[in-house]
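Here you get one chain, nothing else, as structure tokens; it is the form predicted alone.
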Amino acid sequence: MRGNSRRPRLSPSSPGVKTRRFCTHGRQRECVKQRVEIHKLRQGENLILGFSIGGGIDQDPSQNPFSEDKTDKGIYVTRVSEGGPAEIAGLQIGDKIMQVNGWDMTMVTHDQARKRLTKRSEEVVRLLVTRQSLQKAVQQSMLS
């Protein structure tokens, strides 16, 4: 990347930031994606992820505090439990979940997303997320 000032220099502290791609969220724009791997915590019969979600194609996007234009029906992280598996893995409030274990999450209902995340047969959940702070870091590095 050295010598080409037009290419972004990614240096966020979070590991797994590897690519920049174009996504469609009502319009084409640049998105930075990050992989997050969460190892579920076993508590008795339950497997705990340590985060909550909001959104989905069956929800009112104007009520989503993380949607920039209030039309995005994506699945967003709304809460992360302190010290829980999601926080340890680096998941943050406001992250938009694009994939869960390879499954596309861009056009799912809230219940479909919840079921995909909480499958009992999966002790590890691999997410692909977009994060506004990562996108802003890329945009700023492109300007400098």
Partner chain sequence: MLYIRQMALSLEDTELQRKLDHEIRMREGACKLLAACSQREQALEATKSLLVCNSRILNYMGELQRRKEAQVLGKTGRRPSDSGPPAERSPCRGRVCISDLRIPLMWKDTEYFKNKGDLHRWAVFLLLQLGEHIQDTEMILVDRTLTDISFQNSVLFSEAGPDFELRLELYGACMEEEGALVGAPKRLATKLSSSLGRSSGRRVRASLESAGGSGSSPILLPTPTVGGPRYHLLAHTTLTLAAVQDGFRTHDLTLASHEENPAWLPLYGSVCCRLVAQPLCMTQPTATGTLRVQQAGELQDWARVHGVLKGTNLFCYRQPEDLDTGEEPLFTIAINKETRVRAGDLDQAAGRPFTLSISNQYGEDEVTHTLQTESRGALQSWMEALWQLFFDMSQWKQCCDEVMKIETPAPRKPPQVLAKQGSLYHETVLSEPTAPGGPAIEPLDDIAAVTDILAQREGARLETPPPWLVMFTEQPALPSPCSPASVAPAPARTHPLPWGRPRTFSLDAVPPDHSLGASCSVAPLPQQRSPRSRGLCSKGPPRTWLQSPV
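Numbering follows the first chain given and starts at 1. Keep in mind the model is a prediction, meaning the values are calculated, not measured.
Here the subject shifts to the form predicted in complex with the partner chain, a form of this protein not shown in this document.
Although the partner is absent from this view, residue 80 stays clear of the partner chain in the model of the complex, with no non-hydrogen atom inside 4.5 angstroms. When the partner chain is considered in the model of the complex, residue 52 lines it closely, a heavy atom lying within 4.5 Å. Looking at residue 118, you'd find a heavy atom of it within 4.5 angstroms of the partner chain in the model of the complex. None of the heavy atoms of residue 43 is located within 4.5 Å of the partner chain in the model of the complex.
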